[in-house]
Each structure stands twice: as structure tokens, then as C-alpha cells.
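Consider the single chain below, provided in C-alpha cells and representing the form predicted on its own.
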């Protein structure tokens, strides 16, 4: 971070709750559209609200993972400057922060009212997050107890036995999350042949990866191919939770025809321009998120494994969020009642 942060209070005290405001606001806007079947509109309102609130934060932020390239997205594009420091005349007054955002992870989930849609961001000092293009990534995510025991290149059966051994349980008692995609046919067969249970999800492998690192979630690992940008944000969460992600970028020739067509033809050049010289190598947690000062914040949009979705009532709204940082290793579950309606408003309390 800048001199003014490194010489003073840690990043957590300066920006943590500002970033909480950002994800809360995005989640509330997206939740208003839940179940309306308009996934693009749900994403649009989350993006616009996230940017609006982010521009009130005393920082000089750069989006390193966002909604796309400049010519593909109107807001929060890769390379966009955000925060109060992005305004003319404010250069150099605020800390430099690299930011990775997914204003609505699980757009289809929100559009259909399904579980596990979240608004999420990760932030770090300049250079603290890998600049990853929108390309597929093979991932293996586990929690702290299994850290160091698995290998993304090992047979699925061997990894499952390693996970079971570390967790002191039988393979049959494991639950592995896999995205329900044709590309995972063999992976699903291998997991079933080994005897483990599978939770197939339609979208949202970022949320699932976080669940794998939280004890008591009922999820013991995430396996399979998902988005590269989501992999970097997952890595930021793993740094805060002491979990582990291993990942490898998937080039077009490694994918099925339908997926191959979604990848830009110049992807290799784009990756090289972002500093990824050898996309075939395995990236670990610290390579995907090398920052020393990382903040992670997420708010539930719909109910999920570890976060409840936004609830609306007559005098306000209620959100549940997860905020954490590598600086203090504090993991906070924040339950916020946003009171509205004037002097006669009241706070409603429901046990979670």
C-alpha cells in the first residue's frame, strides 16, 4: 500500500468496512431483482451500485478483475480507476489499491431465485492480485486441514483419500462440489467410483470454494473447471481462511467446442500482456493472490451455504456478510439491519 498506510494503521482499519458497504449495497440492488428471470439486468444493477459506492471510498483503486475489457462493459472494466483518488486533482492523496470484483456471482441463481448468489470483492496492495483474463481455469480448493495434502495433477481417487485422511473420516463421508457441466463427465465418474458424494451446482463456484474452507459447511472440496477471474478472488479468500487453491488456466484447445467458442482468439497474447508467460503451469494460492494485505468481502444475495440472502421488511433491509483480512486474520460474519422509514422505524430481530 502507500506510505500513508504502511506507516500508520493497517489496511483493515482504513478500508475494511468501506468495502463491506460496497458489497452490501450491490447485494441489496441485485436482490430486488431476484426471481424476475432477467440475469443481465440483475448484474447491471449490482455493477452500477457497486461502482457508485466504491467512488465514495478514500482510495485510488484500480480494477484488475472486473466485468470485462473497456469495450465490453460500461462499468468496472479491467483497468478502470475507482475511488475518490480517481477524480481529477486527487491523484496521490489516497492509498493505491488493486481490486477484483464480481458484483453478482451467480447471475442465473439470482434470476431464478436459487441459492448461493453473492456480491463479492477482494482488494490488496498494488500487485497483490494476479491479473487474470476471462478464461477457464481448472481448480482444486480445500480447507486448512487439508492444505498441502492434495495435488491438482494427482488422480481424483488419490486426492479424495488424502482429504479423507486429513479430515479423519471415510471417503464415503466426503461431499465434493462440482459444477454441473458436460466437461465434468469424467470427473463426476471418478468421484463416484471412489465412493465420495457429489453436490452438483449450476453456477457459483466461487461461493462453493469458500464453503470448502469453512468448517461446518458440509463441503470438503471444490473440483473442476470454472472461471479464471473467480479463481483469483477465491485465492484471496483462501489467504484469509488459511485454505488452499491450486489452479491451471485452460487454453481453447483443451476445451470442448461449445466452451472453446467463448474464448477470445488472442487469449494467449492477452495473458502474456498481463504477465502470465506460462499459462500451462499450476498456480498456487500465493501466486494467484500474492498480496500481503488482502481484504475479502461478500454479501449474500440469495440464501446460501454460509450466508443468508437479503431480507426486506417494512422499515428496512437485513443483510449477512463475510469480511476478512490477512492482516489480523479476523473472519467476521456481519449481520446488518439497514433501517429506513423515519423516526417511527423499528429494528426487527430474527435469530439466524
Ligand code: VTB
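Numbering follows the first chain given and starts at 1. Computed from a predicted structure; not experimentally measured.
As for the form predicted in complex with the ligand, it is not shown, yet the points below apply to it.
Participant: Considering non-hydrogen atoms and a 4.5 Å limit, does the ligand approach residue 136 in the model of the complex?
Facilitator: Taking the distances in the model of the complex, the answer for residue 136 is yes, it comes within 4.5 Å of the ligand.
Participant: Please run the contact check for residue 226 against the ligand in the model of the complex: heavy atoms, 4.5 angstroms, yes or no?
Facilitator: Looking in the model of the complex, residue contacts with the ligand include residue 226, since a heavy atom lies within 4.5 Å.
Participant: In the model of the complex, does residue 161 have a heavy atom within 4.5 Å of the ligand?
Facilitator: Residue 161: no contact with the ligand in the model of the complex.
Participant: Is residue 82 close enough to the ligand in the model of the complex to count, meaning some heavy atom within 4.5 Å?
Facilitator: Although the ligand is absent here, residue 82 would stay clear of it in the model of the complex, with no heavy atoms inside 4.5 Å.
Participant: Go through 96, 131, 248, 183 and name the one with a heavy atom inside 4.5 Å of the ligand in the model of the complex.
Facilitator: So the residue touching the ligand in the model of the complex, by this definition, is 183.
Participant: Heavy atom within 4.5 Å of the ligand in the model of the complex: which of 174, 179, 187, 75?
Facilitator: Answer to the contact question: 179.
Participant: Considering the ligand in the model of the complex, find the one stretch among 84 to 92, 201 to 209, 147 to 155, 239 to 247 with heavy atoms no farther than 4.5 Å from it.
Facilitator: Of the stretches listed, the one contacting the partner is 201 to 209.
Participant: Looking at the ligand in the model of the complex, which residues in 17 to 55 have at least one heavy atom within 4.5 Å of it?
Facilitator: Nothing in this stretch is in contact.
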